[in-house]
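The chain below stands alone and is given in structure tokens; this is the form predicted alone.
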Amino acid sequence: MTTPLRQPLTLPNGTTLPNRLGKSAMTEAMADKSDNPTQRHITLYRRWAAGGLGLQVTGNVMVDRRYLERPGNVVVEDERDLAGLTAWADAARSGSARAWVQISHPGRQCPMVVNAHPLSPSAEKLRMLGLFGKPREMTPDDIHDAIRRYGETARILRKAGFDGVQIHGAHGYLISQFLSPITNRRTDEWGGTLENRARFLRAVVAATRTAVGADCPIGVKLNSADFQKGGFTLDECKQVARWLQKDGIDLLEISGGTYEEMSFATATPQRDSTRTREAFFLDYAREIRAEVDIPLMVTGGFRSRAAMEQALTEDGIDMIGLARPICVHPDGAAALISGQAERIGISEDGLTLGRGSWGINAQNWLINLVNTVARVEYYVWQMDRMAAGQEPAPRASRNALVLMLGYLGKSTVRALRRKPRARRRAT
């Protein structure tokens, strides 16, 4: 069958991806007590590798053990578990896919069970059920240390055998916090104008390029907008994209939202015109495409082969990102490319609370939060099944409150069991 999904993609640095379907990053939360990858990562990524993807991007790998997006994140600060990272890379590359690692720092989006006083560009607290502590404003030394850590983590992952890295600059994590005027109130060279607010991201890209060399592809995940009043805007995104092209990145993934406005994790597109087009951020990506020549990847909402092909042939998109659909249909990429499937994924209606037996208003902010977390945890559960060598169970029902409480309970247990780690000696 002839389909644009099958076509290879050559990136600016000369690397070729074998097709146009990529696994977008999802948090696995499967690290051991020392924050290292486990056999579960290997089993899960080997399963996805057999499914026909052209690119696999891992979930959040943290650059600083003191600050996690959630307990269970893999942390790469040094080479002490190089063998485990190599085994993970080998599994992720065991099919035709290229294997990249998403590297990240959560900034203020670090749960209190991990650190009650995380770092952020400014001391702007994330107010969400008391789950996050008031951050400490980063000093210039903190900023330079974080930049160094991104580069060092990328170097180690490249040494372990991963094909590339993606810098997480979206969803309200540290880089996104620097970009947004809501979370960046600084008046020094790292805040104020967009040029200053983007300085941290560009410094991270530069440090990463120095660490991995010209032959290693570097991607960036960037918010098209924060979707918050006074936050990072689409026009600002366009300018940052132009700078990133100048800085020599190889793939730009478009997303949107933060923990306070979870556009990246909900099932509702941001513009009415995207409702019939499936993809949440496609309209924004089309506007960004008019500004830059960087290969673009769009993730979120794609379910049908027809919509994916239209995005590739008519909208200037280069890669289709898949996340939730391949948690329930891990062979979905191969099925779409071969023509055996016209659509992958499931309806998420059964994963939400609303009126009925609950007798509550689904527009309530707390209910919306429960629904959002429940959807995420449903797919984490499917990943857990595959990591145990089982197949997904997409038809199995799961109560939204049970999923939410399960997330809180598992996160607490994982945080409590983490082992203290000896400080690395300076060399």
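Since this is a predicted model, take the numbers as computed values, not measurements. Start at 1 with the first residue shown and count on from there.
There is also a form predicted in complex with a small molecule; it is not shown, and the following applies to it.
Segments offered: 324-332, 78-86, 227-235, 178-186. Contacting the small molecule in the predicted complex at heavy atom distances within 4.5 Å is 324-332. Of the heavy atoms in residue 150, none are within 4.5 Å of the small molecule in the predicted complex. Taking the partner from the other structure, the small molecule in the predicted complex has a heavy atom within 4.5 Å of a heavy atom of residue 300.
Residue 280 belongs to the set of residues with a heavy atom inside 4.5 Å of the small molecule in the predicted complex. Looking at residue 52, you'd find every heavy atom of it more than 4.5 angstroms from the small molecule in the predicted complex. The candidate site formed by 25, 60 and 383 is fully in contact with the small molecule in the predicted complex, as each residue has a non-hydrogen atom within 4.5 angstroms of it. Interface residue among 102, 122, 258, 208 relative to the small molecule in the predicted complex, by the heavy atom within 4.5 Å criterion: 102. A heavy atom within 4.5 Å of the small molecule in the predicted complex is found for exactly one of 31, 370, 376, 42: 376.
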